[in-house]
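Given next, in C-alpha cells, is a single chain: the form predicted on its own.
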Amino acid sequence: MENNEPESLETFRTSFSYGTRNDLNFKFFKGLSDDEVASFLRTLLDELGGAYDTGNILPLIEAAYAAQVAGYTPAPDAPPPKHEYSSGPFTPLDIPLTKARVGLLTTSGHFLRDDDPRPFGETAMTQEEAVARISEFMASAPVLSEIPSSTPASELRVRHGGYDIRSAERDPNVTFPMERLREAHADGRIGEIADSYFSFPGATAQGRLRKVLPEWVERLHDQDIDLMLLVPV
C-alpha cells in the first residue's frame, strides 16, 4: 500500500477486482470470504511446496480452478442477475462452417502499433497508467480498433486497465486469436477470414457503448462476414 499502512485480508482480496492490483486471475477473491481466501492460500502454498519436489504444477492449477468456481458461483440466496436476457440477436448459421467467412471481435484492448487509440487524447499511455485510470475508462466511451487480419503479431499492441495483460503480450492469441483463425482457415475448418478484425477495451461505460454501437455495426457489416467470433476478456 502506498501509505505503508497494514492491509487487511478483506482489502487484499477485493483489490484484484478493478482495484490496486487489477489482476483478473484472482478477481474471484471478491466472491469469497476472508476465511475461504485464507484456506485457498494455504492450499496454494502447500501445493507449491510439493511442486518443488515433483515439478508438477497441475495441482496448483486445479486448486486455483476450484477456487474460481467457488468464487464465481452465486450463493443460493443471491439476488437474480442484474442483466438477464430471454433472447439474443443470434441466428443459426445456414451454411457449413467450412464455407463461412469468419470475423473476430474482442474486448482485449488490442490495437496496431501505428494506430494507438490514444485514450483521453494521450499518446503512448502505458499499461500502468491505464490501470491507475480504470475509473475513467469505466465512465468513458471506448474506441474500436480495426486490425487487418494479415497483421503479424509483432505489429500488435495491447493496453487495458481492467486486466493483467502480460499473458496477452507474450502471446496475443490468448485474448486475440488471430493466428488460430489463420490455422483454422489453412486446415479447411473455416471457409474464409475477414479482411479486418476488431478490438476495444471492454472496461467501459455501457451507456456510452450503446451510443457508438450503431456505427460499429456498420463497420462490422462492411466485412461481409457470415459469423463473428466474440472473445470477451
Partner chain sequence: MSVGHVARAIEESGIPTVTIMVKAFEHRARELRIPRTLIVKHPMGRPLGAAGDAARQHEILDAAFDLAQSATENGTIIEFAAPFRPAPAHT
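Please read these numbers as outputs of a predicted model, since none were measured by experiment. Numbering follows the first chain given and starts at 1. Definition used throughout: the rigid core is the maximal C-alpha set that superposes within 1.5 Å between two forms.
There is also a form predicted together with its partner chain; it is not shown, and the following applies to it.
Worksheet item: Would Ser15, Ala38 and Ala139 all count as contacting its partner chain in the predicted bound form, using a 4.5 Å heavy atom cut-off?
Response: Not one of the three qualifies.
Discussion item. Can you tell me if Pro6 lies within 4.5 angstroms of its partner chain in the predicted bound form, counting non-hydrogen atoms only?
Written reply: The answer is no: Pro6 has no heavy atom within 4.5 Å of its partner chain.
Worksheet item: Taking heavy atoms and a 4.5 Å cut-off, does Pro76 contact its partner chain in the predicted bound form?
Response: Because no heavy atom of Pro76 falls inside 4.5 Å of its partner chain in the predicted bound form, the answer is no.
Practice prompt. Check whether Thr91 has any heavy atom within 4.5 Å of a heavy atom of its partner chain in the predicted bound form, and answer yes or no.
Written response: Result yes; Thr91 sits at the interface with its partner chain in the predicted bound form.
Item to complete: Would you check, heavy atoms only and a 4.5 Å threshold, whether Ile190 touches its partner chain in the predicted bound form?
Response: So Ile190 counts as contacting its partner chain.
Worksheet item: Which residues, if any, of 181-209 lie within 4.5 Å of its partner chain in the predicted bound form when only heavy atoms count?
Response: Counting only heavy atoms within 4.5 Å of its partner chain in the predicted bound form, the contacting residues of 181-209 are Leu181, Glu183, Ala184, Arg189, Ile190, Phe200, Gly202, Thr204, Gln206, Leu209.
Worksheet item: 2 Å or more on the CA of Gly121 between the shown form and the other one, with the rigid core superposed, yes or no?
Response: Gly121: C-alpha displaced by less than 2 Å between the shown form and the other one.
Discussion item. After superposing the rigid core, is the C-alpha displacement of Pro152 2 Å or more between the shown form and the other one?
Written reply: No, its C-alpha moves less than 2 Å.
Practice prompt. Would you say whether Pro96 is displaced between the shown form and the other one, judging by a C-alpha shift of 2 Å or more on the superposed rigid core?
Written response: No, the C-alpha moves less than 2 Å.
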